[in-house]
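Only one chain is shown below, in structure tokens, and it's the form predicted alone.
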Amino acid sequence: MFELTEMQEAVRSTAREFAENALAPRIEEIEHADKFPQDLIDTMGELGLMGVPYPEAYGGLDAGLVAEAICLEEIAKVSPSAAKLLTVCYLPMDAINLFGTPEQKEKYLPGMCAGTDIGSLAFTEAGTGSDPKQLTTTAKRRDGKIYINGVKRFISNAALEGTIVVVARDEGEDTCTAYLVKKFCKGYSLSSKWEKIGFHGSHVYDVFLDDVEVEESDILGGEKGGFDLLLGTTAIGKLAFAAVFAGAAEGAYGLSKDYIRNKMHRGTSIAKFPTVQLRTSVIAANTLSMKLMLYRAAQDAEMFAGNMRRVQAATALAKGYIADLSNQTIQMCVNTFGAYGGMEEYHVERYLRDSVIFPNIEGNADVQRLISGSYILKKDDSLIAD
């Protein structure tokens, strides 16, 4: 069912080679310094990994969303943190690619595809995670200009030079509008990075916007079009994060198999024990089911691109399922190591630290089930292939 095209195979080969040869030797450096090396970002840009699904006209590979999922999965097998950093770069690119004017695409996408413009998306605030009506960041028109004021929370890549898409409530309205803002412009500042349990090297910040001035040409997706932009962008974003989660589980599964085969008991591998075989079978089934659902959701996102509600339901279903199952599966992988599973030297604990937050980023897993369940019950299409 999922026979890959020549382009998809090429993307997988490139991403895998980058992950195994360039990224893997740097994992300990990233984990302990809690900093992602700029030269690795540059390499991802040079290899085309920053522009996998975007048009060739803007420097992308035009390889599609299945290829994007494969790329992120391969990188996450080695480093969920690196894959998450790349995923966040895709979010503003998706917004521009889906909703930007030709001029905006020409201005921003080439640098983003090359990795010289590292993007962010700023919607979340301390008081809201999904309701635009509760946004306190506002855009006000004054003397023929537009000024943005407010605070955004948990914004990834916010300290890396590039473009940030800021969603702000329209003054005096329940609507919102998205704006293209250059990071570190006048009025843009950051908190210290949040200290968190996992995803070392991929940081989140509060972003402070103090009379940040934007122009009409910086409006992305039309005035009062912020909610539709969020709907479309996060629908694709859920797919990308699901790919990170599935790849992380596969990475932990690989470590688990290697440990089992090499751990000896009375001269033979612990693979001889039925309990170990049983646990491995469950881990393998979980990993396969995540991959199959991921690829199916990516196919749906390509096939039903004109029906964003349908795409959102499909990617929400996949994200909610994969987020929880990945976390559970990685815990099972850690348990195959016994007490060694908690030791840094055996590396699997890193996947567990990263996975703790899987169900709560890019949309809470239970909320994703509500989104998909509501669609399934309201529509004839149940998201299941005929």
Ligand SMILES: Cc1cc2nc3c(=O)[nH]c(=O)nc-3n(C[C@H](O)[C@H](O)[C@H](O)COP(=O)(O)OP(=O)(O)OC[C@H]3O[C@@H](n4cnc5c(N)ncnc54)[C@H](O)[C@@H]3O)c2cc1C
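From a predicted model like this one, the values you see are computed outputs, not experimental measurements. So that there is no doubt, residue numbering starts at 1 and follows the sequence shown.
Omitted from view is the form predicted together with the named molecule, to which the following refers.
The named molecule is not drawn, but in the predicted bound form it has no heavy atom within 4.5 Å of Ser269. When contacts are judged by a 4.5 Å heavy atom cut-off, Leu377 does not count as touching the named molecule in the predicted bound form.
Using a 4.5 angstroms limit between non-hydrogen atoms, Leu370 touches the named molecule in the predicted bound form.
In the predicted bound form, the named molecule lies farther than 4.5 Å from every heavy atom of Thr138. Note that among 269-277, 196-204, 176-184, 214-222, the stretch whose heavy atoms approach the named molecule to within 4.5 Å in the predicted bound form is 196-204.
For the candidate set Ala235, Cys113, Ile155, Leu209, a heavy atom within 4.5 Å of the named molecule in the predicted bound form is found for exactly one residue, namely Ile155.
Exactly one listed residue, out of Thr124, Gln299, Gln104, Ser191, brings a non-hydrogen atom to within 4.5 Å of the named molecule in the predicted bound form: Thr124. For the partner-free chain shown, Ile357, Asn360, Ile361, Glu362, Gly363, Asn364, Asp366, Val367 of 354-369 come within 4.5 angstroms of the named molecule in the predicted bound form, judged by any non-hydrogen atom.
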